[in-house]
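What follows is a single chain, given as structure tokens, in the form predicted alone.
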């Protein structure tokens, strides 16, 4: 698959959309001194190329009562059970991310809960899945870095 070429205008458009995906194309156009139609065409090309995949909404989970974050490393009895276990994990809505990993764990998950009691209930559900031999949990004390823009700028510099 050929690499899609991005120029400086594309970088600036992406930078503004990463900051706020709801920024109107007309506002982006004014800041970049280009037409809104140009912004629309460029965003559409990046969507068609798979560089932009939808847009996302960031919720304040603390305000919604879900301030507890933990990471759960899952050990499987057999690696061929991975797909089955992932299907079961996907049925637990408080598991927001799951990765198949190398190293110590077979699967590594992020859970979001109301409090420690709620997290314990979620972790016990994970432990009860057939094929899970045990889990190891790490509690997040604080999310200190969550910066998509830094990575994007590094990638742009590498292109």
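Here the structure is a predicted model, which is why all the values come from computation and not from measurement. Positions refer to the first chain, counted from 1.
Separately, the form predicted in complex with a further copy of the same chain exists; it is not shown, and the next lines address it.
Interface membership of residue 37, defined by any non-hydrogen atom within 4.5 Å of a further copy of the same chain in the predicted complex, is ruled out. Mapping the unseen interface onto this chain, residue 53 counts among the residues with a heavy atom inside 4.5 Å of a further copy of the same chain in the predicted complex. The closest non-hydrogen atom of residue 27 lies beyond 4.5 Å of a further copy of the same chain in the predicted complex. Although the partner is absent from this view, residue 44 stays clear of a further copy of the same chain in the predicted complex, with no non-hydrogen atom inside 4.5 angstroms. Within 4.5 angstroms of a further copy of the same chain in the predicted complex, the stretch 26-64 places a non-hydrogen atom from each of 49, 50, 51, 52, 53, 54, 55, 56, 57, 58, 59, 60, 61, 63, 64, taken in sequence order.
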